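Single chain ahead, by itself, as structure tokens, in the form predicted alone.
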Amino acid sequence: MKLTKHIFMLLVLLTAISCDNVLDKQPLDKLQGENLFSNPEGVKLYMANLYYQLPIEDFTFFRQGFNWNTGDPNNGGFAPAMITDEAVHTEFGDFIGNDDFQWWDQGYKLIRDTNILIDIIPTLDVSEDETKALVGESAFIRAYAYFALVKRYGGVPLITAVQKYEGDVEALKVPRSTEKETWDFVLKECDIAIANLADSWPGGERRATKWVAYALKSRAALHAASLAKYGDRAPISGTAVDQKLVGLEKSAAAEYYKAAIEASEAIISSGKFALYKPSPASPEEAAENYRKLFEDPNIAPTEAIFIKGYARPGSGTGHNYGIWFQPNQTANGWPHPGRMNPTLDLIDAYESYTNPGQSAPVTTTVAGNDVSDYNGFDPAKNYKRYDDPAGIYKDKDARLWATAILPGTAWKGQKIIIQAGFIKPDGSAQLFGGEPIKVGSATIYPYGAADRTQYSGFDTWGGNNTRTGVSFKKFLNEGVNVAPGWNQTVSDWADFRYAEILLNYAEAIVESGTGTATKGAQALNDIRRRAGHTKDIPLTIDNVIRERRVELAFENKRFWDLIRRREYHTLFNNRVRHALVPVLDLRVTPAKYIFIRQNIARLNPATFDYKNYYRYVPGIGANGLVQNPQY
């Protein structure tokens, strides 16, 4: 025992002696602060961290914030699309809360980190070209950050240099600039980035280029222009309005539309970009091309202008789209599939090839007069009957087939079964559950199969089955079985793509009445031709907005389109979203499918409050800033 005690004391002594040496040493796996900017690798490391903080609204952007795939990544699979008319969650029906989509502290952290780099660039021992690139990238990142802030909060404090605390907290407080000043700052930063960045990076690195900066300017300028033009659709009042911290004069719309047109035109006329496979031979080919574009945007280097990559499954560089959103039948052991349910409201927006230029609401009856009837099954109606449960979607725009998994279609080698029940031979309906019945020698199951692993619709068990009648496809990889676990998906995200630029261009032209209308119409119709349409349609704002809905569906654009055009409060005023419910009709032999338009089950109506056009400014007790209206 005594020997053991001596050995222990000796170890303590040796440890104490060695501590001095340990403290003298520098960690070998980290760059020290003073060395960071004197080493090209250190600058790259620092820049990589800035890019990581960019508020890219991608696979890991949820109501809780950005990069929500580290620590505990269980966000419930709640995507921004679910507070729009694009989709609903299988379990949740809540709408926009005060704390949703906030980005204040993280925004100013990114701005501070970028300002540190901007301040130190002139002192770096690097070439002139490298200096220009750093200036351009820093301006791009700061523009991106302030764009994310101004579209949430309106005018914000413009902090353009590193602040130093010298004993006076009050000296660090910067008041909010007006919303106009903030938007102008974003566009000015884009111009600095455009002037300093090259066309590309030598190794094809996923870093900002001149064209990425143009793309950001196109998006931001269009947003500002819409706010200026349509701000009076949702009038608000209060101190922040009086001080012009929120709101833009209608007269400002023209300059912002002009900026959006010019930025878009620079990309279009460069000749460096094009739509991926713009001339398909058939709608079927168009659907497959469109699906593959999102399965892996790297196959389309001329369309994907800026890509955020995901690399390592199971880590912060993987995401959860695969495990949350694949249909129940392909869950591969994971307990929470099927959370993203595209709505009938979105499906109705897709055109039919037989009537181009018009939304094509699904008609379920021979009379075709039921598109506003959501009261459920009516035995008096003469429903259209289909052998194939996907038959009702015949002639619908190819992008629907690539965006949603339709009932009866194949996915990962399985026929996806989505069925809400049956109409018995006597004409009575058994919907959303109940026991199977015998018809002749056949057993008919309410959800289309005997076992919960064999169907993907309407059963509420586990929240794993769609309640809208279709499941989600866009971005999912058909060739990969997702391993059960967090962050196992590593498909990449195209943050800016050429199709969005064409749509920005078309919208800015038609809304402003300036620019070349024929070029705007061509931009619009080029996208439609890529989707298998063969007839051009005129450049109207309704046509542009419909194209945005279907072309950019689930790319987290719809939320901001409704915000910037001040349409949220009119579209969501006690709004109920809808499902298209497939039902097996046993009144005929052989049995066929009919469809019912009805309100989505277990989903409360949603209303958009005016105040949600701006987020609340946090911390006004300490930072002394003026709060936004109604908070």
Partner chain sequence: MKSPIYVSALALMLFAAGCKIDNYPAPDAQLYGTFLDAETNEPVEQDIIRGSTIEYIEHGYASQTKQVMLVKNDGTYRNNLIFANQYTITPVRGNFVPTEPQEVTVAGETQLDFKVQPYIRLKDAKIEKSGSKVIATFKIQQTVINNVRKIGLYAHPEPSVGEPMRTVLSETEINGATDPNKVYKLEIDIPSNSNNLKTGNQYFFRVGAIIDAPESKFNYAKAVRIAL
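In this text the structure is predicted, and so the values were computed from the model without any measurement. Positions refer to the first chain, counted from 1.
Here the subject shifts to the form predicted in complex with the partner chain, a form of this protein not shown in this document.
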In the predicted complex, which of the stretches 573-581, 588-596, 39-47, 59-67 has residues with heavy atoms within 4.5 Å of the partner chain? 573-581
Quick one: of Y374, W334, W103, W560, which gets a non-hydrogen atom within 4.5 angstroms of the partner chain in the predicted complex? Y374
The unique member of T518, T239, Q454, S279 whose heavy atoms fall within 4.5 Å of the partner chain in the predicted complex: T239
Using the partner position in the predicted complex, report whether Y616 sits within 4.5 Å of the partner chain, counting heavy atoms only. no
4.5 Å heavy atom contact, G434 to the partner chain in the predicted complex: no
Answer yes if any heavy atom of P538 is within 4.5 Å of a heavy atom of the partner chain in the predicted complex; otherwise answer no. no
I'd like to know whether P301 contacts the partner chain in the predicted complex, with contact meaning heavy atoms within 4.5 angstroms. no
Heavy atoms within 4.5 Å of the partner chain in the predicted complex is the criterion; list the residues of 606-623 that meet it. T607, F608, D609
